[in-house]
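A single chain, nothing else alongside it, follows as structure tokens in the form predicted on its own.
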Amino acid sequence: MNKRWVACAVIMLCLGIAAATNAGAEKIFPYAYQQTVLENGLKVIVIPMESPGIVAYYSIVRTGSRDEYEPDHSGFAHFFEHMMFRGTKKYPGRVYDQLMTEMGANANAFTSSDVTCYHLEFVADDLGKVMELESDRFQNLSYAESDFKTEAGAVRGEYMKGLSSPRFIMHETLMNTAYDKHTYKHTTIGFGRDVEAMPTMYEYSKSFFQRYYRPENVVLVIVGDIKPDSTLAMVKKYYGGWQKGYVPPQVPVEPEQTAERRADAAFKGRTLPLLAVAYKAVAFNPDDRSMAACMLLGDLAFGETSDIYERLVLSEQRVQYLGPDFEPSRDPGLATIYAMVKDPADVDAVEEEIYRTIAFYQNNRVDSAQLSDVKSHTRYGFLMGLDTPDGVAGSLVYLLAIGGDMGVVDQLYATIDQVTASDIMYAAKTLLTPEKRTVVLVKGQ
């Protein structure tokens, strides 16, 4: 038994008592939890667990760059990741920061295409103060135009820093090439021209906050050394007066792709060639076996135990890196294979190796033992992240953001368990087709 599986066994043993509190042996999520929806629509998930004195507190805003549907206004979901630390009239940013320091709390945030998440970890005795601070800034964020322009400058700096990375160039070019209408066309930080214009959009920024930072669009997850009933009572006290007002975004539907697309991009610096081969995938649906099969297909065909990885990375050492990203999105995203090729003259041959691998899975049933191993790896990979309050809350962010409900966790892994070799072959045949493909190559100058 290797170290990975020993670690899995230890964690499962540690989780055993908590797992017994959830009915149904087929359920993967091992902790008892309370899910409550307040009258204003705020969804609250409270998960007590053995974690002496430690609490994780995640405010999940179900808005990411996907929701930036208005032309010339990309980048504002990420922008509020910055602005939310400017604070309120009651607790300005410098006061918020000072209180966090005094409590010894870790506070941070991140944004993606489907979510903006604010997360803290602190000692349980400070739960009341943290809840007062967090509920205050979500309801009463206040910033002057001068502060807005300062943060817009910081975002521009972040964008310019991104241009120094070939992976940033790759991602920006890939999304812009693969999509015509849908907002996945721009990256989380936004189009460069929109970032440049951001300092002129103070009034727009306030409307963005008013539409999306509403209780119906937020999931609050509190995990750790807590008492559920008193915690929920505290939530009602601090968040109960938050007014409804969420306005859903008018995200355009992406037309069906009917032909392969290709793009080359130049990186102003030295880099090995970066190759991305991406296919239009299906949207997240925890009951959809074709979506679950696509997730497994990525690891089967291009993961670290795949034949092509063993050959190109380990044996022949022709690529510096090879890996898949087949994770689903809220709307149809991309199933992408990335490779960093050591010899520029070998790029075409590596691309052909990727197509031969896809053809193999389109024409051959995957070995049942190999499929079972990948299912186990997926299942235990999720469970291994659940050993701390921060790990539990962090593991739930994307599922709650795109699924909206704790029920999707057990639903998703139950569907993964049902995937057959025929499902894998069907996913390869129907999703990984040339007409749904976008290929991007980034080279250094």
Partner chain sequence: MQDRRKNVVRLAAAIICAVGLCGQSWGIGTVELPVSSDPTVSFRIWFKVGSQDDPPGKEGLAALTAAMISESATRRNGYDQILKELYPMAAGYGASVDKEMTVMSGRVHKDHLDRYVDLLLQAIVEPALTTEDFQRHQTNAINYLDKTLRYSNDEALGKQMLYDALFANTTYGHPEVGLPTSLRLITLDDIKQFYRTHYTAGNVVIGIGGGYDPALVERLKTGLSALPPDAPAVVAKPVPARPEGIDVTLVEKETQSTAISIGFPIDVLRGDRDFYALWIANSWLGEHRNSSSHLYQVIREERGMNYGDYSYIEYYPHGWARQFPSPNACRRQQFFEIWIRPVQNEAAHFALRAAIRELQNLIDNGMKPEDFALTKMFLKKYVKHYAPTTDMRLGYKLDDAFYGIPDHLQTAEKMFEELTLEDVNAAVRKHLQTANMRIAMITKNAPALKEALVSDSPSPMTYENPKPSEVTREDKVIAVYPLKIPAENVVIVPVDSTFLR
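Model, not experiment: these values are computed from the prediction. Positions refer to the first chain, counted from 1.
The next section is about a form of this same protein that is not shown, the form predicted together with its partner chain.
At a distance of at most 4.5 angstroms from its partner chain in the model of the complex, none of the three residues 330, 353 and 433 contributes a non-hydrogen atom. Figure note: of the listed segments 40-48, 397-405, 63-71, 381-389, the one touching its partner chain in the model of the complex, with heavy atoms no more than 4.5 Å away, is 381-389. Site annotation in the model of the complex: the residue of 172, 194, 121, 134 reaching within 4.5 Å of its partner chain with a heavy atom is 121. The partner is absent here; in the model of the complex, the one residue of 363, 368, 146, 243 having a heavy atom within 4.5 Å of its partner chain is 146. Shown alone here, residue 128 lies farther than 4.5 Å from its partner chain in the model of the complex, counting heavy atoms only.
Residue 35 falls outside the set of residues with a heavy atom inside 4.5 Å of its partner chain in the model of the complex. Among residues of the shown chain, residue 166 is one whose heavy atoms approach its partner chain to within 4.5 Å in the model of the complex. Under a 4.5 angstroms non-hydrogen atom cutoff, its partner chain in the model of the complex lacks residue 92 among its neighbouring residues. Although its partner chain is not shown here, in the model of the complex the stretch 346-366 places no heavy atom of any residue within 4.5 Å of it.
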